[in-house]
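For reference, the chain that follows is the form predicted alone, supplied as structure tokens.
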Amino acid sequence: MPLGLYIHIPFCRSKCPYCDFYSVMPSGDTVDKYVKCVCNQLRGYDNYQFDTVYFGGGTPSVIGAENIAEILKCADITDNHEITVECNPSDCGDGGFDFEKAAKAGINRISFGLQSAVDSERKALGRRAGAQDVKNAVKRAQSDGIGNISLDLMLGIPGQNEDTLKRSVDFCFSAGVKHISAYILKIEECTYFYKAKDRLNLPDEDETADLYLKCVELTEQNGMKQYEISNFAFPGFESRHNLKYWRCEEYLGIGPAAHSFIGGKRFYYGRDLNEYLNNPQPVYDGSGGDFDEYAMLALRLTEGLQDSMAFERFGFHIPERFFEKAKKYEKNGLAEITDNSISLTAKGFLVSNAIIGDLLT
């Protein structure tokens, strides 16, 4: 089967105060060197085909559509593909990221970092563009032939409440996007938010849970279906690439901090751009794809852990202890059980780590 391909673009013009992803400021000819390095690596995988490609970061739009198109030339991509590029709306004004060139290169999906449509919340998150800039960027992409647009939202951010969340969700639907990702803010070490966490006006844990459930409710009211803990889409517009992760399928990751899962083995590249440019050596990260890992990932999806799919892959049925343990969560409205599957509800997703950990022991 074709693999998924993840390309990490480790460049950002500035660092958002909540972000822990690996990125550096572009300088000199570093971008050119990086593109050449990525292309050289991809040529070493010419015996693989890819049906999904995801450019993440960092901020992929920083390097421009021309460089992304150059990278795509070096990969064997199927005709029936999904190619996603994460874009910062600040890079997509006049003279910025060229969506027309991107579309001609085969890119057919764009993910924009909205986070919030409320400008005061965006400012607190360190976002340079305003909500109107985001809407303009979405329109540019759509008019240049890329209609499959996703917007990222963040939940539990400084100053957020249910009214401001509704404004952000309404904004997404008024922009005509096909997909929404909504992530609960996690304060990571080595970020500015971690240093300033005692001064942030954050919703408490219960308020954040209510915001999450409100987001599920609002997206469903507008016709989108939740298909994963943090992801919602109109039917047919689910992220094919991310579904590979959650269905424990194989993928190749290129770039510093990128992870791969091929042939039952996992490996990654360190978080060091210079090291990657000088001598890109993957670090072995053990084997993967056993039943426990498969079950853990499947339970992130609303389709849940399905017995027929597990049997097809492993040759045995879901252990009965899974169903027995899941019954107590079903009684509390945290899980749903059928003869063939175990899945978590929206409320269950809020405590998914604890439930999944219990089911696996």
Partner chain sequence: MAVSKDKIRNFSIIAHIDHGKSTLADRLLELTKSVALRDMTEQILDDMDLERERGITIKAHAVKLDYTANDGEVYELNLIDTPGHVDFNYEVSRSLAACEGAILVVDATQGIEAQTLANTYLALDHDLEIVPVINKIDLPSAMPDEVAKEIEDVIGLDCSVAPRVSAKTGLNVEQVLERIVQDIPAPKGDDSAPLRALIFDSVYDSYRGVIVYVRIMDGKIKAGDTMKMMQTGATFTVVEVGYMRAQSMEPADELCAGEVGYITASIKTVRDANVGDTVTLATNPAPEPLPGYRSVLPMVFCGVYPADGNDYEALRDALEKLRLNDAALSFEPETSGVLGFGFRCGFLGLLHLEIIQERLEREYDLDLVTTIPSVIYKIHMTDGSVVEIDNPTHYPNPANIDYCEEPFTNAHIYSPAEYVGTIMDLCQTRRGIFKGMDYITKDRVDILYELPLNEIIYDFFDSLKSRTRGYASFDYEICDYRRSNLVKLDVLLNGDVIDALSFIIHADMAYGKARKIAEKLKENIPRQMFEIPVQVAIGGKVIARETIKAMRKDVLAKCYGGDITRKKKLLEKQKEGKKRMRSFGSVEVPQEAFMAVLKLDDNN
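No experiment lies behind these values; they were computed from the predicted model shown. Positions refer to the first chain, counted from 1.
The protein also exists as the form predicted in complex with its partner chain; that form is not presented, and the subsequent description refers to it.
Novice: Could you tell me which one of Asp163, Glu220, Glu275, Asp206 places a heavy atom within 4.5 Å of its partner chain in the model of the complex?
Specialist: Of the candidates Asp163, Glu220, Glu275, Asp206, Asp206 is the one lying within 4.5 Å of its partner chain in the model of the complex.
Novice: Report the residue, out of Glu303, Asp307, Glu70, Glu293, that has at least one non-hydrogen atom within 4.5 angstroms of its partner chain in the model of the complex.
Specialist: In short, Glu293.
Novice: If you check in the model of the complex, is Ile229 within 4.5 Å of its partner chain, heavy atoms only?
Specialist: Answer yes; at least one heavy atom of Ile229 falls within 4.5 Å of its partner chain in the model of the complex.
Novice: Please run the contact check for Thr338 against its partner chain in the model of the complex: heavy atoms, 4.5 angstroms, yes or no?
Specialist: Output for Thr338 is no: heavy atoms all beyond 4.5 Å of its partner chain.
Novice: Although the partner isn't part of this model, could you tell me whether Lys225 comes within 4.5 Å of its partner chain in the model of the complex, counting any heavy atom of the residue?
Specialist: Contact check for Lys225: no, nothing within 4.5 Å of its partner chain in the model of the complex.
Novice: Since only the chain is shown here, I'm wondering whether Cys39 would be in contact with its partner chain in the model of the complex (any heavy atom pair within 4.5 Å).
Specialist: The answer is no: Cys39 has no heavy atom within 4.5 Å of its partner chain.
Novice: Identify whether its partner chain in the model of the complex is within 4.5 Å of every residue in the set Glu188, Leu213 and Val351, based on non-hydrogen atoms.
Specialist: Answer is yes for this spot.
Novice: What stretch, of 45-53, 309-317, 59-67, 329-337, brings heavy atoms to within 4.5 Å of its partner chain in the model of the complex?
Specialist: Among the candidates, contact is made by 329-337.
Novice: Looking at its partner chain in the model of the complex, which residues in 6-31 have at least one heavy atom within 4.5 Å of it?
Specialist: Tyr6, His8, Asp20, Phe21, Tyr22 sit within 4.5 Å of the partner.
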